[in-house]
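Single chain ahead, written as structure tokens, the form predicted on its own.
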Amino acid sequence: MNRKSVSIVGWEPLKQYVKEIFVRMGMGSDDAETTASVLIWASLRGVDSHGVQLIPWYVEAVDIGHMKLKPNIAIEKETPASALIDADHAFGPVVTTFAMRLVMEKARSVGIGWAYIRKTNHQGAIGYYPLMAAKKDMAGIAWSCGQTTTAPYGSKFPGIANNPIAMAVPANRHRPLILDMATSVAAVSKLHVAKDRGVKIPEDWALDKDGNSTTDPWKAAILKPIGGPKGSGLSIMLECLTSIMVDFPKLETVLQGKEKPFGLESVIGNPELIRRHIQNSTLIAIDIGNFTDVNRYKEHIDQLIDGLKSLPRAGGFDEILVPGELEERTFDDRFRSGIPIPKKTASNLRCVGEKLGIHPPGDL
């Protein structure tokens, strides 16, 4: 990224600014802290599409009554190992951290915890939640099911969602392994980041409205599934395991022609799209100690990482990276040096603060 086109902002004052935005809007301090933590974590890791650039969207969703600052999150059904949670249009980070803590408690009790969240809002980077489990010597898995943005393999119509899935496991000497991926080649929010930066997108990311590949983020209308039939199939099965399981299907009305596809345009300034952006999620925690010795498990993860990184490298590669490693390096750099915020994103964040009477950090 061209440093002249960005503001470099320290993560701590930026996080405090983000938290204060939500507090001024009427959110409780603890929930505001949670939401700010999730968004800043993504920005620190270089997952800018799921970081602070989402704030104007969240604010507008509150203004039109779609996202609730003080929701009535309720457990509708529960067993020792499972739960069905109604989010009541909560902020995604708030209800999802609640759900992840719940499944971790269940895993400690019976070995595994599994929860569904019905009707939640955008959750930030989904990898945040499995990492909560990994930090407590558990394995964590999470995915969410959203709107029709992606063409199933063999089609040029956006009939499936780019459902993200993440999983994390702990290690001893190394950081936890964490895989966080969409079932499309790129997430929708990455297109919005490209627009803010004024850059082209790779040719394999998206199709235009006529079904042709495009490198222009403004012309992108349909996402491509990652790995062709594999990403397409995975997305479909996640819908079966989540949205249909909680009786709130996300694809059905579009596939039956009762509703238009969601599309890739920004939801900001579009109340209809904001109201349609509602999703379902699955959270899983596995107590490693219920199945094997935790320290031996973590030693095996260390040895797996060491072994993978010592393999002969293919031409053009300086090293072999393991899941999450590249993002962790970005985290370390931005933790020390600050988070680069594109000018348009910075302007949007300042505008939000001005409306609420909050002074932005000096470098924003």
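Here, rigid core means the biggest group of C-alpha atoms that superpose within 1.5 Å across both forms. Keep in mind the model is a prediction, meaning the values are calculated, not measured. Residue positions are given as counts along the sequence shown, with the first one as 1.
From this point on, the text means the form predicted together with another copy of the chain, which you will not see here.
Colleague: Contact check in the model of the complex: Gly111, Tyr116 and Leu241 versus another copy of the chain, with a cutoff of 4.5 Å between any heavy atoms. Do all three pass?
Modeller: Yes: each residue has a heavy atom within 4.5 Å of the partner.
Colleague: Work out which of the listed stretches, 46-54, 327-335, 301-309, 25-33, brings a heavy atom within 4.5 angstroms of another copy of the chain in the model of the complex.
Modeller: Result of the contact check: 301-309.
Colleague: Could you work out which of Pro202, Gly269, Gly154, Gly198 is the residue within 4.5 angstroms of another copy of the chain in the model of the complex, going by heavy atoms?
Modeller: Selected option: Gly154.
Colleague: Quick one: from Ala90, Met167, Ile274, Ala194, grab the residue that has a heavy atom within 4.5 Å of another copy of the chain in the model of the complex.
Modeller: That would be Met167.
Colleague: Check whether Ile222 has any heavy atom within 4.5 Å of a heavy atom of another copy of the chain in the model of the complex, and answer yes or no.
Modeller: Answer no; every heavy atom of Ile222 is more than 4.5 Å from another copy of the chain in the model of the complex.
Colleague: How about Met237 - does it come within 4.5 Å of another copy of the chain in the model of the complex, if we only consider non-hydrogen atoms?
Modeller: Because a heavy atom of Met237 falls inside 4.5 Å of another copy of the chain in the model of the complex, the answer is yes.
Colleague: If you check in the model of the complex, is Trp218 within 4.5 Å of another copy of the chain, heavy atoms only?
Modeller: No - in the model of the complex, heavy atoms of Trp218 and another copy of the chain never come within 4.5 Å of each other.
Colleague: Could you confirm whether Asp247 comes within 4.5 Å of another copy of the chain in the model of the complex, counting heavy atoms only?
Modeller: Contact with another copy of the chain, yes.
Colleague: Pick out the residues of 262-298 whose heavy atoms come within 4.5 Å of another copy of the chain in the model of the complex.
Modeller: Ile284, Ile286, Ile288, Asn290, Phe291, Thr292, Arg296, Tyr297 sit within 4.5 Å of the partner.
Colleague: With both forms fitted on the core, give yes or no for whether the Cα of Asp204 moves by 2 angstroms or more between this form and the one not shown.
Modeller: After core superposition, the C-alpha of Asp204 moves 2 Å or more between this form and the one not shown.
Colleague: Once the core is aligned, does Ser213 move its Cα by at least 2 Å between this form and the one not shown?
Modeller: Ser213 C-alpha, core-superposed: shift of 2 Å or more.
Colleague: Quick one: in the model of the complex, is the Cα gap between Val23 and Lys190 smaller or bigger than here? Answer closer or farther; it shifts by 3 Å or more.
Modeller: Val23 and Lys190 sit farther apart in the model of the complex.
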